[in-house]
Each structure stands twice: as structure tokens, then as C-alpha cells.
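What follows is a single chain, given as C-alpha cells, in the form predicted on its own.
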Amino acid sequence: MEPDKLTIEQAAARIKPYLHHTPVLSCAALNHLFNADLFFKCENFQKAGAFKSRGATNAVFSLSEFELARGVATHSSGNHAAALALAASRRGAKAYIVMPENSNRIKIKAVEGYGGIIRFCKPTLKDREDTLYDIIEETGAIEIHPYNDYRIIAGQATAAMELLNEIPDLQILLSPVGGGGLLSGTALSARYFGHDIKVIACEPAGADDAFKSFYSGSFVASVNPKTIADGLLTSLGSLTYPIIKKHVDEIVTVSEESIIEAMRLTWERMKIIIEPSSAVPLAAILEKKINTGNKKTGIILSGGNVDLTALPF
């Protein structure tokens, strides 16, 4: 069953000793520019640099010592990999990480720094899953999926829960969407902890499988996605898709140009580092896909892991 209010509150209590309570920032310059009242939940300041630490920590600390004895394993292009490696290290467990060979080098270094044991594979979903299966066969490690796991979803939901505890009268809540762990958790928290909030997902046009799945009414897989937002390349999961269909109000798509412009605006006006995936919701406002005029709008800034030698601007 999808996480209920109590499950999310229990996740928040479980992860609290190990993670940052990230700040909620506003920016007068951006508010003026968009005639909006924007509140940014800054998961770019989270442990391992992204919201993924919430779900990974909740999942790892939900396991018994017996379950954890042979370690944990996952496939991930970056942020979940680093988050899982960090969470496992906190419990003295091994983390086996399958990463595509074209992964962001900063994210590879982060996984290595947290003690993750990396095995590289070809950058296809089949190769990722096959390599992970081999590792689990060899080691007996427990798979912690990047998003298709209710423990992960409950952990990710705590970001929006914290935002709503701080700004309880939000009218709109924006989240990027890739596999849907953050979005489904955000939508659940909006229902449990908010008051009549419109939840809108934002997705790159070059990786618009969630948009197609949402509006066609049946699952559409991500096929050869092309976007600078490398955290949003995966398809929705069998657990995240039903939650999104039930609790999300709208999904919009944005261009690569707008993502880059929104990322640059955030760096320049807010003086904080965000990665391209984090910029997608602001890009939707930039493109006027969402009417935020004089409405209190929350935005989950999903992460800040950027290769500074390969900026898009």
C-alpha cells in the first residue's frame, strides 16, 4: 500500500538524526521577475547533495541487522547511488552500485568517496538491471530500488512535509519528475499535510514519458531520452505511477533552453548551486506553463551535484 500519513511521519523521525533539515529560501528578484511568491525547499544542501538521501536513509535504516548483513545494491546514474552508499556506510554495510559508464564524473567520485563498490555497465536499462541481477546473485545483497520502493517514496515525502510545516498555506507545489519517487512522495505529503494544494510535475520535453503516461492513462516507457537533466532520464515505476495518477493534478514539459536559463537564473539571483534537474520547475514558470501569479508556490530544488568543468552556460 502507498505510504500513509503515519508512515511518512515515522520516516521523518527515522532519518532525522542523519540528515539536514534543509532551508526554505525565497528570492525577491525572482518573485519580482515572475510576479510570484516562490518558496524553494533546498535539497541541494542535503547530505550527498540531493533529496535522494531521504529515501535511501529511510530504506537502509528500516532494515534489520540480519537483512543488512550482505549489504545493499542498486543501479543509479548518480544521486541515489551516492545516497545509498552513504546510508549503508553509516550502518557499516556494503553498498554495491551499478552505474552507467557515461555517468557524471562528480557523482562517480561521490559514490567512491562514500565507500560504494561500483560496477560500470552500458547506459541502457537492460544492462543496468542485468548487471544488478548478477551482483545480487553473487553477493546476496538486498536491492534498494532508486524510486520503486514504498520506503524510498516515504523518505522522499519528508522534504515536502518539512516545506509545508514551514509554509502551511502553499497553494501550488512543483516537483521535477523522473522515476517518480520525489513526485509521488511530494503529492502524498501535499494531501496529508497541506490544504487544497495543486501539485504540478515538471519534466523535460526530451524525456516526457511521465507526461505521456499521465495524459494517455496508460504507462509509457522512457525510450532514448535526451536532456541535460540527467536525474530525470528514467521511466516511472509500478509503484510511483499509480500514486501520481491519483494525487498529481498536472504535468507540464519544458525545453532544454528553458532548463539552462532557469538554472542560470537560480545561480545568479539566489547565489546557490543547483543541478539541471532542479531547474525544471522554474523553467516551467519561465515558459508560463504554470500560472503562479500572486500564488504561494513551493518548489522542491532536488539537488546540486554539478560538474563545474562542464556547465551549460
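Residue positions are given as counts along the sequence shown, with the first one as 1. On a predicted model such as this, the values are computed, not experimentally measured, just so you know.
Keep in mind the form predicted together with another copy of the chain is missing from the figure; the text below concerns it.
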Interface stretch in the predicted complex with another copy of the chain - options 281-289, 45-53, 60-68, 245-253, non-hydrogen atom within 4.5 Å: 45-53
Partner contact for residue 272 in the predicted complex: another copy of the chain, 4.5 angstroms, heavy atom: yes
Another copy of the chain contact at residue 6 in the predicted complex, heavy atom, 4.5 Å: no
Contact test in the predicted complex: residue 257 vs another copy of the chain, heavy atoms, 4.5 Å: no
Any non-hydrogen atom of residue 297 within 4.5 angstroms of another copy of the chain in the predicted complex: no
Contacts with another copy of the chain in the predicted complex, stretch 291-313 (heavy atom within 4.5 Å): 304, 305, 308, 311, 313
